[in-house]
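The chain below stands alone and is given in structure tokens; this is the form predicted alone.
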């Protein structure tokens, strides 16, 4: 029953994390900024906006993107197979990429291209992450991983590699090229409006839950360590976001494939000698 409640409120928790990020960003920039609940106010305003449908498949793919991400979060909370979770998350990303390519907008195509390149950059690291947990714990079951000891000391390079993917997944600098609004007017969701844009807005909130839920796996059965890890990484990610300039998508992919992929390989090789 507790897990069901967590699954139902997961988008709300993600919205609070997004609101917290905006508050922290405003304080770091020495301005008032929006209130903590601003994301929910934005959702309320979107309900009054007229919803334009480019074509039904575009709308359906956007909704499927949100629902699949919610299912991903649900599977993590229920403690299912980590490899299934990662592949299902890949499917959610494919839905939004297909949605971007399904319309004629140049901006939507550009956003979809960048989402696809981002996927190619971080997905191998996620696969190596699951492989590392399997080699260390002997299982892909998230529930078993949570019940064991802290893995961060055994998987330090994979931990660093995973940290490198967080700005890319959460669209933070320096890896926020997918939603570089100065160039592509918000990214792949540019043709969505009204209530249909709300699904993509909430999907962003679920990405917070997905990323930080994976992060807590490094803490094992230590709840306090998991909370501290999430708090520190969340704060550091926002500090980096406010103190770095955006790099283009080619540099992002190159950086992650060299450093993230390289660190993951080294850690996997190191585990074979343990």
Partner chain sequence: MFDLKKYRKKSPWILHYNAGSCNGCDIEILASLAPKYDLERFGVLNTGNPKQSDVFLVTGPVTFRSRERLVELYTQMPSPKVVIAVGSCTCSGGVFRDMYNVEDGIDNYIPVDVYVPGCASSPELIIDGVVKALEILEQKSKEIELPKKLFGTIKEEEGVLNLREMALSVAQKSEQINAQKSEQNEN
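Positions refer to the first chain, counted from 1. Computed from a prediction, not measured in an experiment: that's the story for all the values here.
We do not show the form predicted together with the partner chain, though everything after this point is about it.
Close approach of residue 148 to the partner chain in the model of the complex, 4.5 Å, heavy atom: Residue-level check for residue 148: no, no contact with the partner chain.
4.5 Å heavy atom contact, residue 224 and the partner chain in the model of the complex: No - in the model of the complex, heavy atoms of residue 224 and the partner chain never come within 4.5 Å of each other.
Contact flag, residue 154 vs the partner chain in the model of the complex, heavy atom cut 4.5 Å: Taking the distances in the model of the complex, the answer for residue 154 is no, it never comes within 4.5 Å of the partner chain.
Residue 36, heavy atom within 4.5 angstroms of the partner chain in the model of the complex: Residue-level check for residue 36: no, no contact with the partner chain.
Answer option from 168, 203, 190, 73, heavy atom within 4.5 Å of the partner chain in the model of the complex: Only one listed residue qualifies here, and that residue is 190.
Neighbours of the partner chain in the model of the complex among 1 to 34 [non-hydrogen atom within 4.5 angstroms]: Read in sequence order, the residues that approach the partner chain (within 4.5 Å, in the model of the complex) are 22, 29, 30, 31, 32, 33, 34.
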